[in-house]
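Taking the form predicted on its own, here's one chain by itself in structure tokens.
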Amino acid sequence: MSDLAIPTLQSEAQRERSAIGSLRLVQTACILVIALVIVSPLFMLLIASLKDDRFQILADMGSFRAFWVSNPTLSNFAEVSNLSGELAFGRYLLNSLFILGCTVGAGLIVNSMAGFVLAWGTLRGRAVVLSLVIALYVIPQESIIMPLVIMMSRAGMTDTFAVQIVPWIASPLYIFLFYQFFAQLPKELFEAAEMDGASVFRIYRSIFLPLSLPALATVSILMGIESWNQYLWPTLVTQTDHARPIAVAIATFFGQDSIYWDRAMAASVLMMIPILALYLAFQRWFVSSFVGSAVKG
């Protein structure tokens, strides 16, 4: 290689490094902007919940003062944490937690068992049943909600916890997710257990279920978010505070005459904490499940 070619190659390498550095700078700036857009409403919510003047919160909206609090206080949280009375949001939060726990717990059992039967069971016409399950998923939930309300009313289940749990335990989406996971496990596992004399239920409970932690975590988080954010259904089927969840109760802050922004912000923060805790508890398996699906996909 001639002496003139060496400086030319060095110059090209320097330009390439400079271009890569500029590209990374642009990527970092874009990521920061997207992160700010996503995080800023949550940060504003947290800051507003620490202000005790609802008129000040309203005045600060639309300016940078919405992201700053000079005299933080927890009085809003104290007001909405009661278990009884006008602001019994502690009770509404417990109601939501009970509904969430029952729906997710029962949903994991029912949907995983249905997915296992469709993947490894001896049920005749499994392919047809699976096609029907997938077809049911595309039907909008809102299109069947009024007939469902009438059915629950005729069954005398309105204004109870059961009416907010039972209809949402079985889900075509989660049955399909479990079916997809179980179907990918080696056939030799099922055959070996069968040769050892294990029943189908024993194979499901002792072998396949312990191997399905990523699927269980994914369904737990998705089902938990769906249950936690329910608004239309509990609005239609609850008339009193007995079983009302916090998502519906927050709407009471937005009256025709006045809006209690301070209490609504504090109640929203309280509502956010359990679902974040659920995600953090299952984050490890949730992420691995999505990464595995993307690699296989």
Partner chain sequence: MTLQQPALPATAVATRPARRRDRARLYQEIGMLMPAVALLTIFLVVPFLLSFWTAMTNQPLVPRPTPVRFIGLTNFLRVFKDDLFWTSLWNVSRFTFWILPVQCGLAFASALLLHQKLPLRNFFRGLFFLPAITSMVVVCVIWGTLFQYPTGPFNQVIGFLSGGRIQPIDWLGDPDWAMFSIVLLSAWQAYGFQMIVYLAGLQGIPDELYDAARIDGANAFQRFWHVTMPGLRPTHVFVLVITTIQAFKLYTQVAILTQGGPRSSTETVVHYMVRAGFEEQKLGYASAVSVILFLIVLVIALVQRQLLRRFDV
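Note that the coordinates shown come from a computational prediction; the quantities given were computed from them, not determined experimentally. Residue numbers count along the first chain shown, from 1.
The discussion below concerns the form predicted in complex with the partner chain, not included here.
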Which residue, Leu94, Leu74, Leu211, Ile145, has a heavy atom that falls within 4.5 Å of the partner chain in the predicted bound form?
Ile145
So, in the predicted bound form, is Trp285 in contact with the partner chain at a 4.5 angstroms heavy atom limit?
no
Would Leu189 count as touching the partner chain in the predicted bound form under a 4.5 Å heavy atom rule?
no
Residue contact check: Phe254 to the partner chain in the predicted bound form, 4.5 Å heavy atom:
yes
Taking heavy atoms and a 4.5 Å cut-off, does Arg24 contact the partner chain in the predicted bound form?
yes
In the predicted bound form: members of 176 to 204 within 4.5 Å of the partner chain, any heavy atom
Phe176, Leu177, Tyr179, Gln180, Ala183, Lys187, Phe190, Glu191, Glu194, Ser199, Val200, Phe201, Tyr204
